[in-house]
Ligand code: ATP
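One chain comes next, on its own, written as structure tokens: the form predicted alone.
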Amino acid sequence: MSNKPVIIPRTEHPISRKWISPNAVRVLYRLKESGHLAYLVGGGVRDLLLGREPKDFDIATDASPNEIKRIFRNCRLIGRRFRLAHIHFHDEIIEVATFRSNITDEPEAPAAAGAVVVPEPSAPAPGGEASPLLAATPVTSRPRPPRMLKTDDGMILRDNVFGTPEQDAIRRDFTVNALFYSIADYTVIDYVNGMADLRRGLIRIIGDPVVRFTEDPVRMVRAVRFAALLGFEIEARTYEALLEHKDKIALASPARMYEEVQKLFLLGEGEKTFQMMRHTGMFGVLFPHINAWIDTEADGFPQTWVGKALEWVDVCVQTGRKVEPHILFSLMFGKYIEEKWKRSRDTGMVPLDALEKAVAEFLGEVVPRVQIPRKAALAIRDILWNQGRFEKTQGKAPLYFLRRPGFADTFEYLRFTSEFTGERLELRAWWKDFIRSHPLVPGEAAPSAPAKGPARPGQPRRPDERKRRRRGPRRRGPKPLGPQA
């Protein structure tokens, strides 16, 4: 059944082309001039209607991915679960998707891989007879993957069924994210009563909440993120289904959840989002061990470290400072890892080995739900290991440390922990003065010992002048985490 959309003319909404990325406007007009429908969609439209600056500008069109690629030479097609086109510009990537539908005419059970297909009779050979080799030899073909693929429980694994604008709007997650802006006449098109929910400040799932959360459990995380970010409430039926089915987010891809967690806590409302995630129980599903640690008491009071760390991150984001993921996770989970580290040291383990064991245990607990990359884990380890170097304030050690890669990350951790605990405040002040009096010259590298080389520039190094590799158990710094990480 077709829903007649509500059309909001240009005079009744605040969206202007001057607030849209020039690259997005260029893509919209290029698609229109090529004879295709082209709409600005999703969060970009929502934010423009609310007077907020969008983080990105996504476009939907009736052109297929291959047609988009033919129109734009700077296009790259990506994705299997959702086939998307990325239009690359010098300083921006505009994402373009083909209108999609939840309806497919494909059979429920596609042909099995490796099915034997007998070809049609071949054309007559020059001698007048069909080639007996071609006529008799079966050809093994690989069937095309299904455009729509779900698990037995109804979770979507692949969604590449193309449809109409109406079908595309209905298959989106929340009503406030299903509004379209048409470049043809500058109207806003509303198929799902999203404008009304936008005015009421409601996050409402489109369709049956249980079915939609089962199709994609990450939608529950997104509901909390949008509510916290926009200051909205979650609509009652949506919220009840979220509480009932929150455990299903454990089924989501850990790699995808890593991206979602960054969005949760790096958009300037991380502390509020954290409290909502805790209240709904979803934080405990994503981080069960850390959630249990937060519930324990320290000196008779509940653990407040994670919340205070996110308040610190929020201030950084809101003042325009970029916070990298490894800094986020260091601040959020640093104390948890430090407590593991201390327990291992108390057993007599070498400090560096104890730290590596603590970080590896942390990864083993978190990665099954949120796939923190190895590179980020190594950075977290180095930030914690280098905290002791701040105590060395004599001689050349401070300047050498200041010029080392990663110093800024390590100092950020000191700044937060000293403010949170009230300890090392004098040390932090000393380092602030030292940093101010030793500004980094662009291109300047950390001081290092003179390299041993040939006596004359360009002279080949003789075998007896090769640097000998030192052997033995002695180490001067962290080694890569072991396989258990």
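We number the residues from 1 along the sequence you see. Being a predicted model, the structure only gives us computed values, none of them experimental.
Beyond the structure shown, there is the form predicted in complex with ligand ATP, which is absent from this document and is the topic of what follows.
Visitor: Any idea which of 417 to 425, 23 to 31, 52 to 60, 66 to 74 reaches within 4.5 Å of ligand ATP in the model of the complex, heavy atoms considered?
Guide: Contact-bearing stretch, as computed: 52 to 60.
Visitor: By the heavy atom within 4.5 Å rule, which residue out of 283, 413, 226, 239 makes contact with ligand ATP in the model of the complex?
Guide: Selected residue: 226.
Visitor: Please tell me which of 344, 177, 386, 187 lies within 4.5 Å of ligand ATP in the model of the complex, judged by heavy atoms.
Guide: Contact check passes for 177.
Visitor: Residue 172 near ligand ATP in the model of the complex, any heavy atom under 4.5 Å?
Guide: Judged by the heavy-atom cut-off of 4.5 Å, residue 172 is in contact with ligand ATP in the model of the complex.
Visitor: Answer with yes or no whether residue 216 is in contact with ligand ATP in the model of the complex, where contact means some heavy atom within 4.5 Å.
Guide: Residue-level check for residue 216: yes, a contact with ligand ATP.
Visitor: Taking 4.5 angstroms as the cut-off for heavy atoms, does residue 256 touch ligand ATP in the model of the complex?
Guide: Yes, residue 256 lies within 4.5 Å of ligand ATP in the model of the complex.
Visitor: Is there any non-hydrogen atom of residue 222 lying within 4.5 Å of ligand ATP in the model of the complex?
Guide: Yes - in the model of the complex, heavy atoms of residue 222 and ligand ATP come within 4.5 Å of each other.
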